[in-house]
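A lone chain, given as structure tokens: the form predicted on its own.
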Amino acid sequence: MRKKLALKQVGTISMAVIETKNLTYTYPGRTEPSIKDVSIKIEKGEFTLITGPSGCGKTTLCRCFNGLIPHFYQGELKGEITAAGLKVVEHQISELARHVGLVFQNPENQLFALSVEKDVAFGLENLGVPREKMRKRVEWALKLTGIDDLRERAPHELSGGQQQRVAIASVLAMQPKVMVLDEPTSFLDPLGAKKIFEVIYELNRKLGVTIALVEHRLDLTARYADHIIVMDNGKVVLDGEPRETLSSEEARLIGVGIPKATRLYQILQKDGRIRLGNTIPLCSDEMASMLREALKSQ
């Protein structure tokens, strides 16, 4: 059963940029749906984290956000989904791409040009953006993701982290309202992943880009989120504010990778010998700060 937890609103007016109602989807040739009766809202300007065990339907849900489902994968889609005010089933992928950008798990799946600069410009060329405007947007996206010095390099010569930055820049240059990132650091080490998450967070906070991030490494990502959606077996089982959601017993039982700082806090609170306060930490920095304050007052 889905549990709706308290969700911090971004800004003063609630405005869903992505909304699904009773969304169910079954891939062609399969009898069981991959997502079942999913009803969620992602508000404008939010950093939303989507997590859950492998095979729970996270990637399938992301494919619905930009129209890959049902226009590319086809299959059977029931329920409703709107993205940036558009009914996904009524608009083609090319139109939806102007509003919702998708960064894949493996950057090599979306990098194919002979240079970084040409890869970043590719989507704009398809949209028919005038040349001078295209040049400015490419320049802007390269600088914002910190890869302007790589513009002449071939994507296949780059490291995994650099390739992922190129993939993000390629989507960012199209200036979508929403960026959907499907486990974008699964091929990176923790340090490389941390750098990518910092770039994504800056896009959210400085530019107001709505972020929907699929990720299981919550130790690295939970600190950035305004909103977390937990899926299991194709369904949304938890939906709410990160500190409350990740500290729930249900999240642990599902097998979600609860941040170590959150688990340590729960253990110490239960022990009772150290008074840590009521703010549940989501990262080691927060936990360390709380411990320092608690030990000072001992």
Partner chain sequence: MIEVEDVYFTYPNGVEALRGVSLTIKNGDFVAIMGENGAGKTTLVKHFNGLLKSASGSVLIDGVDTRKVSVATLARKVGFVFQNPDNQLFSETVEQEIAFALKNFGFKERVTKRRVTWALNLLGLAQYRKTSPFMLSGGERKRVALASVLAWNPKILILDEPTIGQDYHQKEKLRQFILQMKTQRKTTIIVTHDVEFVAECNPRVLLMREGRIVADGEAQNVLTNPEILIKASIVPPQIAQIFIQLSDLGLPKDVIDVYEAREKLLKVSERSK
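Note that the rigid core is defined as the largest set of C-alphas that superpose within 1.5 Å between two forms. Numbering follows the first chain given and starts at 1. Because the structure is a prediction, the values reported are computed rather than measured.
This protein has a second form, the form predicted together with its partner chain, left out of what is shown; the following refers to that one.
Visitor: Quick one: is Gly161 in contact with its partner chain in the predicted complex, heavy atoms, 4.5 Å cut-off?
Guide: The answer is yes: Gly161 has a heavy atom within 4.5 Å of its partner chain.
Visitor: Check whether Ala288 has any heavy atom within 4.5 Å of a heavy atom of its partner chain in the predicted complex, and answer yes or no.
Guide: Judged by the heavy-atom cut-off of 4.5 Å, Ala288 is in contact with its partner chain in the predicted complex.
Visitor: With the partner left out here, check for me: in the predicted complex, does some heavy atom of Glu117 sit within 4.5 Å of its partner chain?
Guide: Heavy-atom contact with its partner chain at 4.5 Å: absent for Glu117.
Visitor: Counting only non-hydrogen atoms and a 4.5 angstroms cut-off, does Cys283 reach its partner chain in the predicted complex?
Guide: Looking in the predicted complex, residue contacts with its partner chain include Cys283, since a heavy atom lies within 4.5 Å.
Visitor: Looking at Thr82, Gln175, Gln110, Gln105, which is the one with a non-hydrogen atom within 4.5 Å of its partner chain in the predicted complex?
Guide: Of the candidates Thr82, Gln175, Gln110, Gln105, Gln105 is the one lying within 4.5 Å of its partner chain in the predicted complex.
Visitor: Among 37-45, 51-59, 238-246, 64-72, which stretch has residues whose heavy atoms lie within 4.5 Å of its partner chain in the predicted complex?
Guide: Within 4.5 Å of the partner lies stretch 51-59.
Visitor: With the partner left out here, which residues of 205-228 have a non-hydrogen atom within 4.5 Å of its partner chain in the predicted complex?
Guide: Sequence-ordered list: His216, Asp219, Arg223.
Visitor: Once you overlay the rigid core, does the Cα of Met179 travel 2 Å or further between this form and the one not shown?
Guide: For Met179, whose C-alpha is compared between this form and the one not shown after core superposition, the shift is less than 2 Å.
Visitor: If you line up the core, does Asp189 shift 2 angstroms or more at its C-alpha between this form and the one not shown?
Guide: Yes, the C-alpha position differs by at least 2 Å between this form and the one not shown.
Visitor: Superposing on the rigid core, is the Cα displacement of Thr145 between this form and the one not shown 2 Å or more?
Guide: After core superposition, the C-alpha of Thr145 moves 2 Å or more between this form and the one not shown.
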